[in-house]
Structure formats: C-alpha cells, structure tokens
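One chain follows as structure tokens, the form predicted alone.
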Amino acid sequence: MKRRTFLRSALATTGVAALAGPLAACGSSGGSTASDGPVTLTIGNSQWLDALRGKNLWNAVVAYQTVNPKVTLAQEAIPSADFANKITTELGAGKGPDVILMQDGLFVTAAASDALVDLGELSGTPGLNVTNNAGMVGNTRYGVAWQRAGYALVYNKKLLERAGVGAPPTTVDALIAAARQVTASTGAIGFATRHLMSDFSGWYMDYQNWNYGYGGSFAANGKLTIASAPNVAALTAYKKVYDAKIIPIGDDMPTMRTRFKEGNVGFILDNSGGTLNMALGGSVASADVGAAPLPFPNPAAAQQILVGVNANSANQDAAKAFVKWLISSAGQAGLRAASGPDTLATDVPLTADFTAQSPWGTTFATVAPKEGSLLVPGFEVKTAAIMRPVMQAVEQVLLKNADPATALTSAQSLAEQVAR
C-alpha cells in the first residue's frame, strides 16, 4: 500500500511525468527467487523505439541470451512522452517490467517508494565510474548507469567557416558575437536553444546548464537557494542572449533541430542524444558537426538514465544477474557500439568507427562525467514542482523585463511552499 500510494501521489503532485524525457509482457508481482528453468525478463525502455539506434541497443542487450540461454529477453517499448505515466501506474499496481531503464527523476521516485530492488551487491563491480553515483538513493544503491547524455555547444563547421568564425566561443559575449556573424554572413540562425514555457520539461532541463555554468544550484544543505547570486547571474546572462535577437523566438526544439539538420543553424545548445539525431538524421554530414564545452565558467548539466530492478518482479535474481552482466566488460563493449556518444557505466571508450564518422562525440565523452544532475539536490522527487515557478520567473524576465533577482526571490517563495 505504501508503494502504490506514494507513486500515485508523486505522479499527481510532483509532475514526475515531466522528469521522464528521452523508454511484451509485464513482470508479475511476487517473490525474489529465480527459477532453475527458463525465465523471461521484460525490459522497459523508451529507446527501443528510437529510429536511429533502438534496434542496435536492443541487439546489444539481447546478446545476454547467448551468455545465459535459460533467459529470454522481451521488450516493453513505451514512447518517451508516456513512459513515466505508464511505469508509475504499473508499479503502483504491483506490475511493470522486470528491469526498467528510466531517467533519474522517475528513478528516485520509484526508489523512494520501495518499488526498486537493492542492488548494493553491484557496487564493487570493477570499473564503475562516477555516473553510477546517481544510482544511490540515501545510502542504498537501487540502480546503475545506463547512459549519461551531457550537454555541449553544438555547431555547424561549414557555416562557421563561411562566416569567418574561428574557434568556438568560450564566453556568452563571444557566443553572441559569433552568432551575429553567422547570421550576417550566411543568413542562417545564429543560436538555437529552448525558451518556451510550452516546452516546460525540456526547457527547465536545458536551462539548468546556465545555473551550473555560473556556479549556481537550486538547493544546498537542505534549503532552496533559487535566488542566490550565481543563479541571478545565470538568468542575467540568459536574458542578455535572449535580447541579442540571435534565437529564433517562438520555435520549439523539434523545429530548431530540424533547421540544424538542414544546415540553417550556426550554434545550438543540446545534449549528446539530440546531437546524434541531428548529425545522423539530416543533410549536414556528421563530420561537419562540431561540439565544444558550453561557454560558461563552470561545467554544465547532464541527463541521466539508470537501470533498476522492479521490486514487483518474480524474477529478481535473474534480473540482477542480467544487470550484473550489463555492466561487465562484455556487456559494456556491446552497449558502447550502439550508444553513440553517451557516457556509459564504465569508461569504455567511443569506438574508432564512431569517432571517425562523428568526431564531435569526444567532446561529450569529456564533459559528461563533470556535469551535474538535473534534479534539485535534497528535493529530487519534487524537482518538477520546484522548477515550475522558477521557469515562470525566467519567462517573466524574458517577456516582461522583470528584474532577475526580484523574479527569482518570488519563485523561491512559491517553490518553498511545494517543497514542504
């Protein structure tokens, strides 16, 4: 009852669906012992539906059937927009896939509701890197890393060459100047980034790059710090870019990515998954795409997907054995070839074939381990609810020229009410 009530409450009051981002049969409820006979494990993930790499990711995973012929793997493929709602409903009903690949917001909600199995026995696995820290909730490991998608400043090399722009900009002022130069010389859009409240979940994730980049955080030591000086500086810089008229105001992210694919955008703030989509899915050759650290003083943010085992599963031991293989050298090698630029649970390097085709991937491999979580520290399960007044404040600054410090102070007051 605790699990069901918590999950339904989380979905209704904290907007956990907004935390889902870019995830056959359901596992049955029951005990935790594995049968000696054949076992079918279902794996829930939105990426099985990814047109660019879904098939390759599944082939990397299903290789486990060769290692353990008694296990048959089955997909639970759920569109990303529906993933959090569906998984939350299934978990609350005592159902759901045996193994779940979920973004960190949904992961911490499920872990806090006792819907995931303790995977502490995997903590000593050789080679696990820092991205696995996200699998810890309190002092317990409930998951390991599947992928971390870092953020970078992505650019069209040929447009920059035509515009006479040299090295990628390393400051906001330099970004504005370079973006204007691209537009003046080529007619292309200078810089693309999310900026619409209608894209709330994606916008608040992307926006946190600015706060991290300016040394900010939305909480520290158990208290919200929304109106802190670094956060005000971040919003002031963001407003400066918005007012520079280098952004295609009113365009949503799918439109901006399409324009980048078509060769009509100089710079775009995006994550490694979005960049893979643009680089391999349009008329711009992947070799003509570049990526650089975001033009901020500090490392930025990253999206994280984690692997957890469903506490409702009747096949918990078999599921844990599969996860153990997944983070082994053999499992990681297969996953590496299918994962493109994303950082994995171990520091298995990008493949030579991928880096030859897409040299921009090395930038993401460098920045992702240093980038911070998109969850508000100490208030992880309430992240979406806290970020709504924050982004409403950002909108007021952009559209109505509200003072950044005043707007964020008001947002902190509202956020404190939902954080209680």
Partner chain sequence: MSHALATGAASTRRRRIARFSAPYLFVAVPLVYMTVVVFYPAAREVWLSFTNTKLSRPNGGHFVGTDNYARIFGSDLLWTSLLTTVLYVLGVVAGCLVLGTLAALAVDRPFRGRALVRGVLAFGWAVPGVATALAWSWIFNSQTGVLNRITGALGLGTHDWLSNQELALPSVIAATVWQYTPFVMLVVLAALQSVPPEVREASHVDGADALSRFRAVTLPHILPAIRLVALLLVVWSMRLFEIIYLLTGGGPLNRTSTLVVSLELQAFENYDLGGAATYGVVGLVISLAVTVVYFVVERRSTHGV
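Positions refer to the first chain, counted from 1. Source: prediction; values computed, not measured. Take the two forms, find the largest set of C-alpha atoms that superpose within 1.5 Å, and that set is the rigid core.
Separately, the form predicted together with its partner chain exists; it is not shown, and the next lines address it.
Proximity to its partner chain in the predicted complex, defined as a heavy atom within 4.5 Å, holds among 315, 339, 109, 304 only for 109. The contact residue chosen from 248, 127, 230, 290 relative to its partner chain in the predicted complex is 248, the criterion being a non-hydrogen atom within 4.5 angstroms. No residue in the set 274, 280 and 412 has a non-hydrogen atom no more than 4.5 Å from its partner chain in the predicted complex. At the 4.5 Å threshold, heavy atoms of residue 392 reach its partner chain in the predicted complex.
In the predicted complex, none of the heavy atoms of residue 299 sits within 4.5 Å of a heavy atom of its partner chain. When contacts are judged by a 4.5 Å heavy atom cut-off, residue 334 does not count as touching its partner chain in the predicted complex. Of the heavy atoms in residue 114, some are within 4.5 Å of its partner chain in the predicted complex. Stretch 248 to 256 is the answer when you ask which of 171 to 179, 219 to 227, 248 to 256, 323 to 331 has residues with heavy atoms within 4.5 Å of its partner chain in the predicted complex. Taking a 4.5 Å heavy atom cutoff to its partner chain in the predicted complex, the contacting residues in 185 to 204 are 196, 197, 198, 200. A displacement of 2 angstroms or greater separates the C-alpha positions of residue 92 between this form and the one not shown, with the rigid core held in common. The Cα position of residue 286 differs by less than 2 Å between this form and the one not shown after fitting on the rigid core.
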